[in-house]
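This document opens with one chain alone, in structure tokens, the form predicted on its own.
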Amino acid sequence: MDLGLTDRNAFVAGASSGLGLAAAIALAREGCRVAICSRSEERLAAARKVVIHTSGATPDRVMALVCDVTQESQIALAMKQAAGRQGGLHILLTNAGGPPTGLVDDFDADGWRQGLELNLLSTINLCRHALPYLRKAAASDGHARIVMVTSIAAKQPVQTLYLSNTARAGVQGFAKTLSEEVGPLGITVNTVLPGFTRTKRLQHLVDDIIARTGKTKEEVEAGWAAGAALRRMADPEEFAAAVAFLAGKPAAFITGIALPVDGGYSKHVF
């Protein structure tokens, strides 16, 4: 299937590793010019090389921008730089690292605030500062997409992920509301809800569960796999394929959805 992504301009947040990096590779492989951002200049430079090498993109089509997505001023600058160098913006992928794990009494007010800033307010601010460019793209050639990374925790809360459960559910409400506002302009807004996927973030969750329960890594991962209809965990590339589809031309009439990519782990009917 031709996704119609050749020479489209994408901005991928949180792309130095994990799901963000996998999505950047998938978009670059489909022909996008990709701007990737992360807080760490060193990790970002390494990720840019991975995107170029893995996707086959030429170096001029992958740009790296140091940006802390909890800082609105940095978001605004990075978005301006990306759109300026690429000649506009067609696709925004919002993404950020997961907040700490813990139980309800493990976080004070500042901890809760930081969790919301990382996973909810960053998403809102990325969208706010991308929208002027996306409106222009929608008006000029009808291709403007927002894809937000959330989590199965948004629909089926995961124990000890209080901060993530709360923030991700907020992102879902924001995304659905935004899809109604910008839909008449031709901008689609969707969320992708990854399940248990083999990333460094997941290893942190494994370590936390081991510390709390005494289980082995093999037991923890087997439990997650057993909970999915497909009886296995996901690879980042499987998540990235869903992102690329929603960013592409064939998905032009899909908006306001929350797409689980979890192998059937979440058990809700709708």
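Not measured: the values here are computed from a predicted model. Numbers for residues come from their place in the sequence shown, where the first is 1.
Although it is not shown, the form predicted together with a small molecule is what the next lines describe.
Undergrad: Okay, which stretch from 106-114, 178-186, 135-143, 90-98 lines the small molecule in the predicted bound form, with non-hydrogen atoms inside 4.5 Å?
TA: Contact criterion met by 90-98 only.
Undergrad: Is residue 196 part of the interface with the small molecule in the predicted bound form - any heavy atom within 4.5 Å?
TA: Output for residue 196 is yes: heavy atoms within 4.5 Å of the small molecule.
Undergrad: Contact between residue 150 and the small molecule in the predicted bound form at 4.5 Å, heavy atoms?
TA: Heavy-atom contact with the small molecule at 4.5 Å: present for residue 150.
Undergrad: Is there any non-hydrogen atom of residue 131 lying within 4.5 Å of the small molecule in the predicted bound form?
TA: Although the small molecule is absent here, residue 131 would stay clear of it in the predicted bound form, with no heavy atoms inside 4.5 Å.
Undergrad: So in the predicted bound form, is the small molecule close enough to residue 19 to count as touching (4.5 Å, heavy atoms)?
TA: Residue-level check for residue 19: yes, a contact with the small molecule.
Undergrad: Here the chain is shown alone; which of 35, 51, 67, 32 has a heavy atom within 4.5 Å of the small molecule in the predicted bound form?
TA: Flagged contact: 67.
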